[in-house]
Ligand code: LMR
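Given next, in structure tokens, is a single chain: the form predicted on its own.
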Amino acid sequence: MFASLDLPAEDPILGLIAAFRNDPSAEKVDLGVGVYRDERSVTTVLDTVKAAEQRLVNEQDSKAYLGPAGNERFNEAIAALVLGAKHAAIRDGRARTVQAPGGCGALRIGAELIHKANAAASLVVSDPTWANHIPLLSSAGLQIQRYPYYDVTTGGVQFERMLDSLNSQAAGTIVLLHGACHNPTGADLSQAQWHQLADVLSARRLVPFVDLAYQGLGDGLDEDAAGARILSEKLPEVLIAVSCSKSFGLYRERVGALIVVAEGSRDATAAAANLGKIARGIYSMPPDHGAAIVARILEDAKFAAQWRKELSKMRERIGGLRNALTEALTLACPGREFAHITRQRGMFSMLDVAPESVERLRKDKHIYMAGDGRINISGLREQRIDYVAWAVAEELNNQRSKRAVAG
């Protein structure tokens, strides 16, 4: 049976992890994998998580199953964190939350729910988008197209082109949106643009599917959830996939949730019941440990305040690194504009380096980044920023020379 199987192509990000690990150079810099790193290049466990986990271990008296919907305390706390405890969708019973194994699990069961509700549904994603979006969502049977999003020349959003594209979509099309800290570009919509987008989605009867994986790492917890809140106020149906990997540092615990906002309470209940059936048929029920930690943090005022402080420090560090990298690149590469890096938000940005430059940076300079030039800003260390900037500038200057000759 297995002899008929071909070896699949290696996942590029997972391949980067292995290559970096096996590189013996003391000069190596990891800007590839999308996890938050501190100044020592370590993804540490948050102090709040350690404290809440210890309390959980001391007090938890059962490991019995909780069911396909997962930890209800977690579900309620996450819905309040994302939408706001007093949001109309929660108040009116239009919102239901189901725990999932990470943000990936939330995206997948959301896609399965969409396909079950409408087997002919199509979905559009931003160009570019996170590399795993298309495999995750298409595996549920959804047909996927792209809409314009990132403007390479400005480092911002091609908002008018984005709206023009969405205005041409058929009613019922699902629109995947990055709630904050766009991966891979770091280019986000403003609050005013979210309102404009909501009006277009409403007029065209399109359904937003928001991927909120970095809440709190952009401008703040409430600011980063603004888009999801606006859509949930203005539109009858919204799906929101939530990940706790980055905001709580619970990567390996696989903690996520899918929030479904429906037109009414009856539809919300039906959606949640169907999600339970979908989950039962895929993984039966999600793991509880990480979700129980998050619930304890959000329910306890002291823990919640401590966690917000730790999250703020992470966000501020990323902002400082963005500023430092912008200054270093501007110095190393005169005549080019890098201010967009400081305007972007979250862990990621994209450098305008060709794939062959990415390969040379890896082989010759031991600087690891994704093949499309995406870099994880938090992977920078202050003492290595100049090294990275000058190495990147050398490649950018070489690219410019080659284009001039070709022109």
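Since this is a predicted model, take the numbers as computed values, not measurements. Quick note: we count residues from 1 along the sequence shown, nothing fancier.
Keep in mind that the form predicted together with the named molecule is missing from the display, and what follows is about it.
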Note to self: To verify the annotation, which of these, F348, Y368, F338, Y36, has a non-hydrogen atom within 4.5 Å of the named molecule in the predicted bound form?
What the structure shows: F348
Note to self: Only one of T173, T326, N71, N183 gets a heavy atom within 4.5 Å of the named molecule in the predicted bound form. Which one?
What the structure shows: N183
Note to self: Would you classify Y149 as touching the named molecule in the predicted bound form, given a 4.5 Å non-hydrogen atom cut-off?
What the structure shows: no
Check: Is I13 close to the named molecule in the predicted bound form, meaning a heavy atom pair under 4.5 Å apart or at it?
Finding: yes
Next item on the list: With heavy atoms only and a cut-off of 4.5 Å, decide whether W130 touches the named molecule in the predicted bound form.
Entry: yes
Note to self: If we define contact as a non-hydrogen atom of the residue within 4.5 angstroms of the partner, is R322 a contact of the named molecule in the predicted bound form?
What the structure shows: no
Margin query: Counting any heavy atom within 4.5 Å as contact, can you tell me which stretch out of 26 to 34, 41 to 49, 61 to 69, 354 to 362 lines the named molecule in the predicted bound form?
Written below: 26 to 34
Notebook entry, point to check: Along 198 to 219, which positions have a non-hydrogen atom within 4.5 Å of the named molecule in the predicted bound form?
Noted result: Y214
